[in-house]
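The chain below stands alone, shown as structure tokens; this is the form predicted alone.
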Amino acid sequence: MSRHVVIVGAGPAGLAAASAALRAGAEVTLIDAADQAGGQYHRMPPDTYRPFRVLDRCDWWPESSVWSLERHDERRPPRVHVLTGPADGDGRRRRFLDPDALVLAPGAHDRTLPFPGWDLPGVFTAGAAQALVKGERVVVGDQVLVAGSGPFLLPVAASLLEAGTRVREVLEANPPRTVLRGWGRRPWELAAQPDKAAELAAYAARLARHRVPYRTGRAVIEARGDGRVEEAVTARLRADWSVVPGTERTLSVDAVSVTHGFTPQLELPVAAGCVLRDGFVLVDGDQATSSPGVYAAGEVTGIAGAPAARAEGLVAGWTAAGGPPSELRLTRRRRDRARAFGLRLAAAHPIGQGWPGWLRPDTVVCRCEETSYESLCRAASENPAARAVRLASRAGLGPCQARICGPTVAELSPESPDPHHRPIAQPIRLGELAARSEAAEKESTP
């Protein structure tokens, strides 16, 4: 009898895991909250979408949210609770699965550091700006500043240019020395990834063709406007991201697209009992986590891009399905090279510790609860315990439940809270929760 492998997340890692698990002879259920597979990396307009062939061979559950993982037997993977249907619709179908193996590939959130005015309409995360362009053909503005840190700035700028937006500048916050030192370590390793060099050259050529300046050591430190963004203030930064006084410059824009990297979506791994290390899921050479029968792939194990996610997904899906390990030698080697690229990425684009110097007392830190920097500091001074700070300031208690502001609040607080421990991983209506026993439908075997 074949194994039943449930995979959460249909981005590059999840799709690769599904393909490998099917090839190893497993029955696969693939779950994703979006209505199309592919994740952010493969996002495209609905009229041009071409389903991935792997979807024809597995049990594909689109628009399905895993809202809870429930452990009944410490020796087996947890029960997977799912709500199927549009997130804002009524009558979502409630189901659960008891798999032989569970692969978690939920991806990551955009990381955006706060600055005065970042809560104005017209300030977008880079991921949101790109998703609107790639998925809906909607541009966020006509005059856009792209700023933050990391190579993701380049494809975002390219997507905006392709859609007809004028990109005023692309700003990398880290100075050239930090970037070159990070990418230049053990340069011979880059020879194994010629596709990355070609990709970089293509982006550079596109920026040059549209005469878009790419500046390092400079960041947007304020957005201004009456009701929406009208201008952005940028400044030169030191290596620790503190502002060099007197270098401020004002730019007229109608939108700002900003990213300072990504944070992994750890709600489900934490609910499954997976051990974390340095903020990511700890996995072994088979992508197995510390939780029996649970595997992880993609950004939850480290931020390293789509090639690493695909390689990890292949290993996770294959081993979760019980495939012979001897057939993974080349895939493991490819995964290890991709992980090395991730380490290089982290070294070249770190977040400097001086960024809180951008903040003013009234700068909003938690947008859901409109918690200001001043109120957060006041709460921490009265009682530094993480729970007390959250209750007193309301930071992280709004609709996003600290998914966006959590890392920022942790860095600004004397004691770091645990933003990932949530018994209910996704928003669920009280009525849906109350209707548990009547509506639950067992789907333990596909």
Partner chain sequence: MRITVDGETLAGEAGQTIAGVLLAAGRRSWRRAPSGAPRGVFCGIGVCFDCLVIVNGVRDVRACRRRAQEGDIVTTQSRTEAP
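None of the values given here were measured: they were computed from a predicted structure. Residue numbers count along the first chain shown, from 1.
Although not depicted, the form predicted in complex with the partner chain is the subject of the following passage.
- Query: Ok, Pro194, Gly184, Pro121, Pro213: which has a heavy atom sitting within 4.5 Å of the partner chain in the model of the complex?
  - Reply: Of the candidates Pro194, Gly184, Pro121, Pro213, Pro121 is the one lying within 4.5 Å of the partner chain in the model of the complex.
- Of these, Val243, Val233, Leu132, Leu276, which has a heavy atom no more than 4.5 Å from the partner chain in the model of the complex? Only one listed residue qualifies here, and that residue is Leu132.
- Item | the partner chain in the model of the complex: contacted by all of Ser149, Leu200 and Arg334, heavy atom 4.5 Å | No: no residue has a heavy atom within 4.5 Å of the partner.
- Item | One stretch from 310-318, 355-363, 76-84, 138-146 that, in the model of the complex, holds residues within 4.5 Å of the partner chain by heavy atom | That would be stretch 138-146.
- Task: Considering only heavy atoms, tell me if Pro399 and the partner chain come within 4.5 Å of each other in the model of the complex.
- Result: Residue-level check for Pro399: yes, a contact with the partner chain.
- Does the partner chain come within 4.5 Å of any heavy atom of Ser413 in the model of the complex? Judged by the heavy-atom cut-off of 4.5 Å, Ser413 is well away from the partner chain in the model of the complex.
- Message: How about Glu369 - does it come within 4.5 Å of the partner chain in the model of the complex, if we only consider non-hydrogen atoms?
- Response: Yes, Glu369 lies within 4.5 Å of the partner chain in the model of the complex.
- Item | Exercise: Asp254 in contact with the partner chain in the model of the complex, heavy atom 4.5 Å | Flag for Asp254 set to yes.
- Task: Check each residue of 25-63 against the partner chain in the model of the complex and list those with a heavy atom within 4.5 Å, in sequence order.
- Result: Sequence-ordered list: Ala33, Ala34, Asp35, Gln36, Gln40, Arg43, Pro46.
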